[in-house]
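In structure tokens, one chain follows: the form predicted on its own.
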Amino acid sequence: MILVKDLSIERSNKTIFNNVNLSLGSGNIILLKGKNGSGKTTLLKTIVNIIDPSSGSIYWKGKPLKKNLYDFYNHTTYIADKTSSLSKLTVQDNIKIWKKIFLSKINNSQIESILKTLKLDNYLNQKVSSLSFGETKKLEFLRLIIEDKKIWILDEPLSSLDDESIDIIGQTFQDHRSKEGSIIFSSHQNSDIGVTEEIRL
């Protein structure tokens, strides 16, 4: 579905990355691996059209991405390394907003089950600002389920999570893959999450 061809980024006469190629199809999980500052975030932002590449092309369903953005965004959830939840509102309020924005069909019992799995069920009435960074990261994963889109593009989703939470995320990834969903995510750490391709930056 997503094809990245010979993508390069240069900033202030410095090459961030050069001639990156990748293809993300149904059921694939691509890991962008590299140290902090290697260009992982820049690459993801380029793929979702936040940053323009210096050279190279990105295609969605065989068409240039910029000519097919509406359809691309209808099928894609992008979660940056910084939270998108509103810190002054409660966990429950954020969930209600996400459900309304994305016209989600997920029911309350499903949300309760996911919150319990993520060990966030006791935080419903707490403001997001009172959560730890790891807890806030886990809350972001609920957005993936609420939006229910085929393509997940995630920047450092495993950072600040304990081993148990990483295992839960790994199972969530595999469940999504089994439903012909696709994931591209960045990480600078090692994990046992099953990926179909690893790209080093």
Partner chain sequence: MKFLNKIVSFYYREYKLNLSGLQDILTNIIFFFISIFIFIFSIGPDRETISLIGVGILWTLLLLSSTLSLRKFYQDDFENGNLLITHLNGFSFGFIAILKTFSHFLFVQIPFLLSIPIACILLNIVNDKLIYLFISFSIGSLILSCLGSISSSMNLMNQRNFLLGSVIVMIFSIPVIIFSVGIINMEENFNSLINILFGILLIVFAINPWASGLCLKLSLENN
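Positions refer to the first chain, counted from 1. Note that the structure is predicted; figures quoted are calculated from it, not measured.
The same protein also has a form predicted in complex with its partner chain, omitted here; what follows describes it.
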Name the stretch, out of 164 to 172, 26 to 34, 45 to 53, 131 to 139, where some heavy atom lies within 4.5 Å of its partner chain in the predicted complex.
45 to 53
Using a 4.5 Å heavy atom cut-off, state whether L89 contacts its partner chain in the predicted complex.
yes
In the predicted complex, T83 touching its partner chain (heavy atom, 4.5 Å)
yes
Mark H176 yes when one of its heavy atoms lies within 4.5 Å of a heavy atom of its partner chain in the predicted complex, and no otherwise.
no
Could you confirm whether H188 comes within 4.5 Å of its partner chain in the predicted complex, counting heavy atoms only?
no
Counting only heavy atoms, which residues in 87 to 106 are within 4.5 Å of its partner chain in the predicted complex?
K88, L89, D93, K96, I97, K100, I101, F102, L103
